[in-house]
Structures are given as C-alpha cells and as structure tokens.
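In the block that follows, a single chain appears as structure tokens, in the form predicted on its own.
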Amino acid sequence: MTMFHEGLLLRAYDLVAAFTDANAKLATAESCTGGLVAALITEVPGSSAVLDRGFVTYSNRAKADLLGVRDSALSQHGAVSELVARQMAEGALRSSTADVAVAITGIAGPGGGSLEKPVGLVHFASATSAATRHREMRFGDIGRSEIREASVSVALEMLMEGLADYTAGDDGDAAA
C-alpha cells in the first residue's frame, strides 16, 4: 500500500526510469511539501540509483544553513518567492552530487496567506549546471493536502524539464 494515488506513483516510476536511462541523479529541496517529493520517488524500487538526497528546509534558517539561501533574499523577498526558490534549487545542486535539483516553497495554509501571497501560492525551481527554471503556481485555497499534492505533481514536471536541460546541455537561464 502506498500513500500516493496511482497517477502520481506511475509518474514517479517514469521519472526514475528516465533518470536511470540518462544515468542522472536528482536532489530535492522542499519546504511546504515537507519531503513528499522525495517520499514519492522512494516508493519506486530502484530509486536509490537516482535520488542522491532530499533537503526538508521548512524554516528560513534551514534554507540558509543547508542550501545557502541568502539572508537578504529571505528578508527582502520572503521565503515564498521566485528568488528563494531559485536559490534553494541551486543550493541543493551545489550541496549534492545531483545533476538536477528541484525546489518547492509555498503557502499550503490554512493560515499564513496575505493579499500579496495568498494560500495556495507556490514557487518551484529546477536547476542543472546549465539552467535554472522557475514556475509560479496559484492553486487557490483548495486545502492543505490538496496544495501539497498538486505541488508534488508540479515538482515531478520540473524534474523532467530539468532532466531535459541536463541531457541537452542547454546554456543560459531558461524561463518557464
């Protein structure tokens, strides 16, 4: 029995197969998902061949200490921002042996939102040595579990996009 629905699990199998075929490793840097992306990937037999490590950096201090997120980014933009998501992904890449890293930071609710940053706002980034991609999602106040599950789904997409960047050897800063 798995805690993840079949659709997500099948996508995780595809992701592990794609990373295995590319002989690539991945890392996760998770805030609002609290390690769910890494947990999903490890549901797949053979995932140890591709998952290097996962960082659960729920606090700002953890983001700074473990991933090198700059204090100025956190104080000026807040933990839930494009800049912090990018720095989390890039930090996870630097602090691991991964070829692709994904980062997730958001507001899952039920509290903690504001007009500027409402519940359901989540920032994602994927990083390779050649490119960093960002995506912002506004899921709305659909419920904490639903926001976290939707975030896991987007993170899988970002990992696959990052793998495409890695295998293509793209240069520059990709925007998604």
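Numbers follow the displayed sequence, beginning with 1. Small disclaimer: the values here were computed from a predicted structure and weren't measured.
In what follows, reference is made to the form predicted in complex with a further copy of the same chain, a form of this protein that is not presented.
For the three residues A12, L15 and A89, a heavy atom within 4.5 Å of a further copy of the same chain turns up in the model of the complex in no case.
Among heavy atoms of R61, some come within 4.5 Å of a further copy of the same chain in the model of the complex. At the 4.5 Å threshold, heavy atoms of H134 stay clear of a further copy of the same chain in the model of the complex, well away from it. At least one heavy atom of F55 is located within 4.5 Å of a further copy of the same chain in the model of the complex. a further copy of the same chain in the model of the complex comes within 4.5 Å of a heavy atom belonging to D65. Taking a 4.5 Å heavy atom cutoff to a further copy of the same chain in the model of the complex, the contacting residues in 24 to 59 are T33, G34, G35, L36, A38, A39, T42, E43, V44, P45, S47, S48, L51, D52, R53, G54, F55, V56, Y58, S59.
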